[in-house]
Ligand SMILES: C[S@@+](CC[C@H](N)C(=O)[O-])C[C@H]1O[C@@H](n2cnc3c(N)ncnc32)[C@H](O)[C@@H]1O
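The chain that follows stands alone, in the form predicted on its own, written as C-alpha cells.
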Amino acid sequence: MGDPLFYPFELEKYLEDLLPDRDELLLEMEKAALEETIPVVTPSVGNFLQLLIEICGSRSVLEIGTAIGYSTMYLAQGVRKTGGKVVTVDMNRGRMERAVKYLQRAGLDGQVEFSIENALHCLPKISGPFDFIFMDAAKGEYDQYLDLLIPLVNDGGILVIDNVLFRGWVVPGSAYDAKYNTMVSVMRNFLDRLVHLPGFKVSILPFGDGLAIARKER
C-alpha cells in the first residue's frame, strides 16, 4: 500500500496481524489503493489515528489529503465515539467522490464534511480551531501547510503529519536515487523546523512512512 516502507515488510505485516480484524469495506479500499497505486496510510497508522482521537477526546478534526477516504474512515470512526466531526480537504474530485461513496456505505458520511478544493487556497478561509489535524498531502508543500495549520490547532490540540521519514531516506547516509535529492533535503529541513516549533512538543514515530505528532501547549 502506498510507497515502500523503510523497515522490513515482515515487521509491518506482523504489526498489521496484531490489529483488530478490519471489515470488508476497509479491505476493499486497501485492495483498490494497492491496485491503483493510490497513496493511503497503512492499517497500523489508521488504527493509531483513531485511537489518538478517542484517547484525546477530539471532537473537531481536520484532514488535509482525503484520497479515496481510507484514513478518513478511521478519523470518522474516532469522532463517532467522541461526538465530533471531520472536515476533510482534497482537490482531486474523482477521488473525493469515491471517498464520499465509501463513507456513505460505512454509514459515516454524517460525521464528515467534504471539501473539494486546493488546501492552500481553502485553509485561510477555514475557521478553527481544531482539536486534531491530520496532514497527508503533497510533501513538497508541507512547509506552506504548516504555516496555515499552526493557527488552526486548538490549545492542547494535536497535529499529526504523515510520511515525514520519506522511506527512511531522511536518515543521513541513506542510499537513494539522485532524483530524490531535492525532496529529501526538503523533508529534512521540514523536520528540523517542526521539532523546534515554538509552543509545540513533538515526537517522531518510525512506523508507516514516519509519523510526526505535534501537541500544542496550553
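Note that residue numbering begins at 1 and tracks the sequence as displayed. Keep in mind it's a predicted model, so treat the numbers as computed, not measured.
This next part talks about the form predicted together with the ligand, which is not shown.
J.: Hey, of 182-190, 146-154, 165-173, 59-67, which bit sits against the ligand in the predicted bound form at 4.5 Å between non-hydrogen atoms?
T.: Looking at the partner contacts, the answer comes out as 59-67.
J.: Sort through A119, A99, I133, A76 and report the residue having a heavy atom within 4.5 Å of the ligand in the predicted bound form.
T.: Contact with the ligand in the predicted bound form is made by A119 alone.
J.: Although the ligand is absent from this view, report whether Q104 comes within 4.5 Å of it in the predicted bound form, heavy atoms only.
T.: Outside the cut-off, so no.
J.: With the cut-off set at 4.5 Å between non-hydrogen atoms, does V40 touch the ligand in the predicted bound form?
T.: So V40 counts as contacting the ligand.
J.: Determine whether any heavy atom of E113 comes within 4.5 Å of a heavy atom of the ligand in the predicted bound form, and answer yes or no.
T.: Result no; E113 lies far from the ligand in the predicted bound form.
J.: Though only this chain appears here, would L108 touch the ligand in the predicted bound form if you measure heavy atom gaps against 4.5 Å?
T.: Heavy-atom contact with the ligand at 4.5 Å: absent for L108.
J.: Using a 4.5 Å cut-off on heavy atoms, which residues of 175-200 contact the ligand in the predicted bound form?
T.: Nothing in the stretch sits within 4.5 Å of the partner.
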